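This document contains two forms of one protein chain, each encoded as structure tokens and listed individually as structure 1 and structure 2.
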Structure 1
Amino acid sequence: MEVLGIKTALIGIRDDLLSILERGMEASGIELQDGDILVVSESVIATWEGRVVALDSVVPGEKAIALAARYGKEPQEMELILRESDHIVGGIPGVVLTLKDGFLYPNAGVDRSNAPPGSIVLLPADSRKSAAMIREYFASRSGKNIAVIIGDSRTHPLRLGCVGVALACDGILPVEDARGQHDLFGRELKITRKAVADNLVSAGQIVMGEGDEGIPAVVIRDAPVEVVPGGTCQEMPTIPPQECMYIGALRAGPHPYLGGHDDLIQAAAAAMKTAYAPYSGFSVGAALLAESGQVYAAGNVENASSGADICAERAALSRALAAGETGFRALAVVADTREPIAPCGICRQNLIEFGEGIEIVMANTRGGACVATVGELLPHPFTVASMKARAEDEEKISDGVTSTPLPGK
């Protein structure tokens, strides 16, 4: 397999990309052959499509201003990211992870690299259409059966460095299903699918580079990949988030209960019988395991004035605090519900006061159970740490406003 770089002049907004590529091929001595795969960088496609925005023409909205402050980005850039994405998943300083058309993109593909000063390049508006157009043009000019891929780059989770990804292709199948084939030991491959188009983009990127090389496209020759008739513009296959290993595994709890707190669940179930719940008839039991090893259990406590009800979790917590405990390992909560019961918002707030890591075992009387830390159940909480931002307040808090030492101090 050969990767032949196509060096071109700088491509400007709405320049005629097709003839620039054609001249580049000529100058590089490349004559298209049957089976050739032309890989073109998405940034030149976007420029060709006119997807270049002058930053000072963008007026950021309120949401963009708030997100820009949170993630340390320019408000104008954040406004474009918001407009370009379907959903902001989260972020770290300088970059937000976005969902767009079923794919994850850093910053929704809004990119300053290779953009003229003061401007920014968006992703191509329609990579599939561009791939089909380019394929058609070069197939008819050369009379050869070729394929085209629009290439971008991306990092893998926890991995340093970018690899190639295809945004669209025409004339090849983007993913080859290798299931049913056999490994070296004759074992049948069960889940292997080959990301053919992505792999070809990666190969192309070794020659293209990402910076000032001036090689926005390559021709890949003699790849062991079948070129299929064009016109069947191939949608890049996605998998739904719930079937994605990364998204599924990293999603916060609850997780299945795998044992370790059977006694605590038993204690909670016993406490459920002591519930004072004449109004709702809904009995709940909770058992709290302190660092000391002691268990404090209680049922819910209702009142004719329902606002005065105390949940089982807080009743158990009050018992523990009254006994002088302030450090806790786990809490089990049990009710006769179809699904394991989850602590209410007020209880989550009361529990997180004593540490985000407390394990909450949510169970029912039918043997169902799942676990999550209180931090997982109450993400981005308001705690004493939030108040520490103000140094004076911190002084006041530690200087005797409360007599019990605050957790995490």
Structure 2
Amino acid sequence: MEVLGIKTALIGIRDDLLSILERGMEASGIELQDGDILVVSESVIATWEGRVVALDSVVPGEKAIALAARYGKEPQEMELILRESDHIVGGIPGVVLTLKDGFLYPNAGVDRSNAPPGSIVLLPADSRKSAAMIREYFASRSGKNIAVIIGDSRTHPLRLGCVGVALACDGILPVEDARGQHDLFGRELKITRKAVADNLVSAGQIVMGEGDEGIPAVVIRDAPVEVVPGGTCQEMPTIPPQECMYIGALRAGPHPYLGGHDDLIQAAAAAMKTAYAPYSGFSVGAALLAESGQVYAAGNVENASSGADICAERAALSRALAAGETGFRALAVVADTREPIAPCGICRQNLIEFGEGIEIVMANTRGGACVATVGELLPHPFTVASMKARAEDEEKISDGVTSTPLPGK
């Protein structure tokens, strides 16, 4: 199998991409043959479609501003991510994980790389249509039976580095069903499917690169893949999130604790020894890490009138608020329990007042620990945003404006 790079000049907005690729093939001495597979980078497709947005033209909304602060993004970029995605799954500083058209995308495919200064490139509006158009053009010009793939790059969970992924293809089946085949020992394959299009994009990425190589497309020759005569434009197959082994296993906390807050756990364990629990004898300690880096720790406080009890989590939060803190990163809670202890409902409601992304490290004195965000522990919370939404609805009604609410992102 050969991977032949097509080097071109810089491709601008609304440039004649087809002619540019054709000239690039001629300059590289490439003549299309039957069975060739043309892999084209999604970024040049998006640029060709005019999917380039100047950041200074974007006005971020309230939700974008809040999420930008949570995930370390520019508000204008976060606004574009919201517009482009179907659902925000979560994220880490610098990256937002989204669902779009049934696929997981970092930042909804919104990309600064290979974008003009001050601009961002969105994903192509219709990769299937572009794949079909490119295949039809080069098949008619060359008289050859070829296939086309629009390719991008992604990372795999817990793996460093990018691999190729196909957004659309025309002329080949994107996934080959290997069920019914046999392995080397004669066992029948029952679940195996080959991601043919993704694997071909990965092969092309080795030549195309991710930087300033100037190779927006490659021709893959003699691949062990059937090219379907006449072109076959296929939907890229997806599976529902609940059937994905990654999302299915990790879609809700608690998750295994993998480190990072050992000092906070120790501070909570020390605070547990200061708890005032003369009635139940059940001591709990909590330690709250503020955005300032300061840690506020406290034990639970019981009362003869049990309704006046104060949990360790709220006691630590009260200490922090009294010191003027309102931004928090993480809280550790520790007790002498069989399983790691979790905050009660009242504590979850108190904590979520200051952000759904606060990490809650739940531990016990036996070395067990797990972690979840407060948003995972209290899904669909009642917050100030709920009151604002109600106030906005009432204002619309008072103005005589009624509407059917659309599903939120």
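In this text, rigid core is short for the largest set of C-alphas that superpose within 1.5 Å between two forms. If you're wondering where the values come from, they're calculated on a predicted model, not measured in any experiment. FYI, numbering is relative to structure 1, first residue = 1.
- Each of the two structures shows the same chain on its own, and it is structure 2 that derives from the form predicted alone.
- For residue 346, a C-alpha deviation of 2 angstroms or more is recorded between structures 1 and 2 after rigid-core alignment.
- In this overlay on the rigid core, residue 314 has a C-alpha that sits 2 Å or more away from its partner position between structures 1 and 2.
- Annotation for residue 99: C-alpha shift under 2 angstroms between structures 1 and 2, rigid core superposed.
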